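Next up: a single chain in structure tokens, the form predicted alone.
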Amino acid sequence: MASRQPFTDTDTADEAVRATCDDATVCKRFATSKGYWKDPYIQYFVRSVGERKAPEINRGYYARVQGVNRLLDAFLKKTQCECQIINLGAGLDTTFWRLKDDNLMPRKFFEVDFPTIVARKIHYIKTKPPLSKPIIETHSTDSLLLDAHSLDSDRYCIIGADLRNVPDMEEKLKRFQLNTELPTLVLTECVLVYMTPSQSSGLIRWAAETFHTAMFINYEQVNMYDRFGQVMIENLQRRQCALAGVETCQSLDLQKERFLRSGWENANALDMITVYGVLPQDDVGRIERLEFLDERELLQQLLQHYSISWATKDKLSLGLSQVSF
């Protein structure tokens, strides 16, 4: 009889990181229920709206979703959708379904996450026709390749893998027709911060070395060494959720440098208070009327401690360095 493996500190930390997937999905579900943005698909991953979230949390998620989507959609338009997207640590993200509705489908959309999260997402897709129908509609044959930790169709693929093991992840992606010659967008949202700096730089370098024309979008914490940042770290540590890569989140300059040191040609980074200020202000005005915000200073502090950084390399001269806000 096989002996049971001991449960390690790494297992506990990984479980805490996996729990952040549910946190983000629940927060997005609540914000969309209040009308901050439209997402008709998130309800199939989180049935209940759940308890009320503070207005500054809702506005923070609004800025995150709108900011990432603006860069992602700009990349799709620059490449005329002749590209592929790899969402690393995708969780229960609904971007694939939004892009299909918006007629902005890349040639193929890949998602990678822990196998346990992927198994859950596959279960939701299999049992919820509004999720499975768009995948089937964009598939050319009668059968999909499906097992416990992967689902592959012509235009959508989800794979269970550990991002810290790049060779294994790459092998799985290539097995499902990852095309290294296509312009490629790699997306990470609150993912790299849970990896050690050497692990995340390995992932960033892999993307730079694998694709000749590419863009990397990273959303995560910044300015983490001031008092507000320390409180954020302590709150996560109480949940056994260590930010293994927090030293890279000291400043916007360090966020840019991590890409330039790893083979990317151009890199930019903005904190979310700046992104919030450059989003279409008529829509920002609309969402600010949804709920009264008592502590505007708290929203500003929150937005100052998150950032979007993006990097490009552009052998095909598509003008990717011009993609911005």
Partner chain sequence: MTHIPEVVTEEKMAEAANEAELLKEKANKYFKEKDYENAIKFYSEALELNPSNAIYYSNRSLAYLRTECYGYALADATKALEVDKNYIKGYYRRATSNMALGKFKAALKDYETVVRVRPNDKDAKMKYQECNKIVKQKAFERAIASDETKKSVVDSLDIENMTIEDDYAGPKLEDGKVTVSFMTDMMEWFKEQKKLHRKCAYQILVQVKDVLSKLPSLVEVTLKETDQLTICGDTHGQYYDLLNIFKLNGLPSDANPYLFNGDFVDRGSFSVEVILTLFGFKLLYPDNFHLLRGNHETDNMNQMYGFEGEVKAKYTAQMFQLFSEVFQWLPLAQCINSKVLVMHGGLFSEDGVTLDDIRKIDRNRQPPDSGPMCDLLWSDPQPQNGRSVSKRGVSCQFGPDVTERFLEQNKLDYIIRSHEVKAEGYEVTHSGKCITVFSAPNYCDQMGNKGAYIHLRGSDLKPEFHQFTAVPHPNVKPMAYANTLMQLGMM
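None of the values given here were measured: they were computed from a predicted structure. Numbering follows the first chain given and starts at 1.
Heads up, the form predicted together with its partner chain isn't pictured, but that's what we're talking about next.
Heavy atoms within 4.5 Å of its partner chain in the predicted bound form are found in one stretch of 195 to 203, 217 to 225, 152 to 160, 69 to 77, which is 217 to 225.
Contact check for M232: a non-hydrogen atom falls within 4.5 Å of its partner chain in the predicted bound form.
Of the heavy atoms in L260, none are within 4.5 Å of its partner chain in the predicted bound form. Within 4.5 Å of some heavy atom of its partner chain in the predicted bound form lies at least one heavy atom of D23. Its partner chain in the predicted bound form is approached by G35, whose closest heavy atom lies within 4.5 angstroms of it. At a distance of at most 4.5 angstroms from its partner chain in the predicted bound form, none of the three residues D14, R175 and N268 contributes a non-hydrogen atom. Of all the residues from 52 to 70, those having a non-hydrogen atom no more than 4.5 Å from its partner chain in the predicted bound form are R52, K53, A54, P55, E56, I57, G60, Y61, R64.
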